[in-house]
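Consider the single chain below, provided in structure tokens and representing the form predicted on its own.
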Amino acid sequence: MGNYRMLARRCVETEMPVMVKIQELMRGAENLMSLAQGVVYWQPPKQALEKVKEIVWDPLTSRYGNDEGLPELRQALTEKLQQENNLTKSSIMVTAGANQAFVNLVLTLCDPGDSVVMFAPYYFNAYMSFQMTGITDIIVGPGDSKTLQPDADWLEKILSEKGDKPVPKLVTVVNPGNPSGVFVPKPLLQRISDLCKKADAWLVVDNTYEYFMYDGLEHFCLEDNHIVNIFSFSKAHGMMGWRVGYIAYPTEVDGLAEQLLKVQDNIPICASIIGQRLALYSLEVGPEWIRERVKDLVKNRELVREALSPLGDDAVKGGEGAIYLWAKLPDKYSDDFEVVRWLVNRHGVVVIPGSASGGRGHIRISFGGLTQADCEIAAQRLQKGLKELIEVGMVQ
């Protein structure tokens, strides 16, 4: 069997990815409908895919590219950041998805033993990134009981505490949020930024769902020498499997680019060349292509919200942005994974247990991965299951 003690403790003590657990749960089951994984139902733009077909045989497609990304893609992204995000003093590194971007930043900005801050419910992969890089002091802050927005008063106290422990090195926020779909309004994010700047702490903002905004809300970004922004092509352009994201980091911070390059060169060297080309061609269709598809998700959101109605109005939160709703189960069902397992086996519908995001007794529901017709079926199954859960219990 070998010696288990020879395995790296930082990996052994890292939580198992919740999606791996869900995939194991789904294995062998038939006719399941998934409201679990954070995906969208559309593919990349057709014209972009057609162009990619033309470069498969180009020898440059099979070679290494610049560590920081194809120059033409970085130029296009620089223009996009200026025009859409009002980021004018940021440099770009293209990564193999937003998750790799986050790991790059943790390795570049933090040392083992540093303190970091995130807010519950948190993005599970970000939590795992801290764990597996040796960050053992992960401070999880509360969200507002009604809105789930980060508690800035709590953060101010954490960042200003005097004592033996150093001030947290990094604070991270996903906006709009995963797993909650909660949107952090500009005054609140600005206050969080100001607190971080005063405390000499980094603020890392994950903007993966920048285009996924509803009910007239508009996404925004902040820029300063202590702020790093992360973006992704996965959801907006339907490029989940192509693995392309990017970091927008402050140009004026001496040495940051060089340190990021060290990490990049030792993980992917560069993001997939064909993926970067697809990203470049996808940018050409413009943001309206994305927004037209996001509009279609509004109906999905309402279908899922109605499906969660057996839990009560106050139990369901989020959904102002992204592709998620966050729901509290009845108090007696604190083992949310058992509820998820039961919904799979008895009702043929899959959701994510909230305990994976620091929210025991909750579930995360994704409404982005199914067409409206399929979402209706999944929502019906979920509503039937939750109604039975409330009225009868987990009948086998």
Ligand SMILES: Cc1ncc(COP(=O)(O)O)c(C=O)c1O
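Small disclaimer: the values here were computed from a predicted structure and weren't measured. Just count from 1 along the sequence shown to find any residue number.
One more form of this protein should be noted, the form predicted in complex with the named molecule, which is absent from this view; the next part is about it.
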The named molecule in the predicted complex: contacted by all of N300, S366 and L382, heavy atom 4.5 Å: no
Contact residue in the predicted complex, chosen from P44, G358, G38, G69 - any heavy atom within 4.5 Å of the named molecule: G38
The named molecule: the contacting residue among S193, S234, T172, S90 in the predicted complex [heavy atom, 4.5 Å]: S234
Location of the named molecule contact in the predicted complex, chosen stretch of 219-227, 284-292, 172-180, 258-266 [non-hydrogen atom, 4.5 Å]: 172-180
Proximity of Y209 to the named molecule in the predicted complex, heavy atoms at 4.5 Å: yes
Contact of V204 with the named molecule in the predicted complex (heavy atom, 4.5 Å): no
Partner contact for Y123 in the predicted complex: the named molecule, 4.5 angstroms, heavy atom: yes
A98: touches the named molecule in the predicted complex, heavy atom cutoff 4.5 angstroms: yes
Neighbours of the named molecule in the predicted complex among 310-340 [non-hydrogen atom within 4.5 angstroms]: Y324
